[in-house]
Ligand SMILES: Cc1ncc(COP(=O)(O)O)c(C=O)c1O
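Single chain ahead, by itself, as structure tokens, in the form predicted alone.
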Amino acid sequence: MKVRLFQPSVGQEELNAIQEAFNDAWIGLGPKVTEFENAWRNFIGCRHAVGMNSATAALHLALAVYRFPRGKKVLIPAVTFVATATAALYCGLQPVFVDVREDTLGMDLDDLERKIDPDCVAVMPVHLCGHPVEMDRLLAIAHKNSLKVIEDCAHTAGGIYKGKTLGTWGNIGCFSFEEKKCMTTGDGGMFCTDDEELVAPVRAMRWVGIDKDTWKRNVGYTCEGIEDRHWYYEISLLGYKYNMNDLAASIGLVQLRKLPEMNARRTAIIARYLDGIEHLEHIRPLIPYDLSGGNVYHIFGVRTDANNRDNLMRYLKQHEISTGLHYTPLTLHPLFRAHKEAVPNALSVYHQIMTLPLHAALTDQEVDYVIDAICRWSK
């Protein structure tokens, strides 16, 4: 039996949606993107949503739209995907790596407070695996220190913390629809905010700086008046080619309808894993998974002794079970040699953690096969 680590849950409904976009002969930035933006905005409960070609693009523009002076600092957890930190570098800002909590792998807010200085302008909490950062406490720290809060929600889609949807706590929330995430558009992302002043510049910045996208110009084709000429636009700021397209949005609209069911299936799989490994002496869950309601998890993993982790990964690979590691602490990458903040928890847990298969298409038989393999190895 071969068991994949991640797998998108797509089928005929997504194909039908793509065919509809083909039939309309509009597959670039068009009406489906707007429809998906509105559907996503309503789903998470924010005022504005702007579709992007990736969460990386959303994170970049979330910092770029504030036009922070070059050299200022952004506080970022040491354990996250590299895009969280490269967003700061794209803007000429300095990433400051904050340690993670040993139990949740989320940002350590005590360490966050220690590392804030007058040059810090923003903080980017990451809801790693889908487990929420303590956003109420983080917002209080951010307000006290005049920090913008940009939530990296790449690992959650619909997760709730204390009655409020993740991605709506901060100034900006950034979501990922890459193929392995809770839902997918193939590649894609979303920039979300309640701040009206950020929306117009971000829409222009995602479309090479143009203040009126192609679809809006097409809609206004027959309007009268020089200001309504369909071909006319102005460029007043530096932009990027970061837009979502109608093919991706068509998939996203279908996936969003399926998302509650897919989230429920992942929760059931995690519960099965937890029951299967709870008696093992040298294996424990990666984080304190809370399945009582509200949390949406993208990753399931375990921890074992540092000397055993790689042996277990090799054993599972021999049995055609895919595993992974999320993530190598960013301070260990050559790109960030100049940013060597102390992150002892991140460096310690790095040698213990591993990711197991989790996706909505995973069968109970496959989950049991993984559990049985871990149990055999643990004997």
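Predicted model only: the values in this text are computed from it and were never measured. Residue numbers run from 1 along the displayed sequence.
Another form exists, predicted in complex with this ligand; not displayed. Remarks below refer to it.
Contact between Phe81 and this ligand in the predicted bound form is found at the 4.5 Å heavy atom cutoff. Residue contact check for Val74: none of its heavy atoms lie within 4.5 Å of this ligand in the predicted bound form. Though the partner is left out of this view, Gly188 does reach within 4.5 Å of this ligand in the predicted bound form, counting heavy atoms only.
Using a 4.5 Å cutoff between non-hydrogen atoms, Tyr327 counts as a contact of this ligand in the predicted bound form.
For the three residues Glu37, Cys192 and Ala248, a heavy atom within 4.5 Å of this ligand turns up in the predicted bound form in no case. Of the candidate stretches 329-337, 55-63, 307-315, 40-48, only 55-63 contains residues with a heavy atom within 4.5 Å of this ligand in the predicted bound form. For the candidate set Ala154, Val123, Ile172, Met244, a heavy atom within 4.5 Å of this ligand in the predicted bound form is found for exactly one residue, namely Ala154.
In summary, among the residues Glu178, Asp211, Glu134, Asp108, the only one with a non-hydrogen atom within 4.5 Å of this ligand in the predicted bound form is Glu178.
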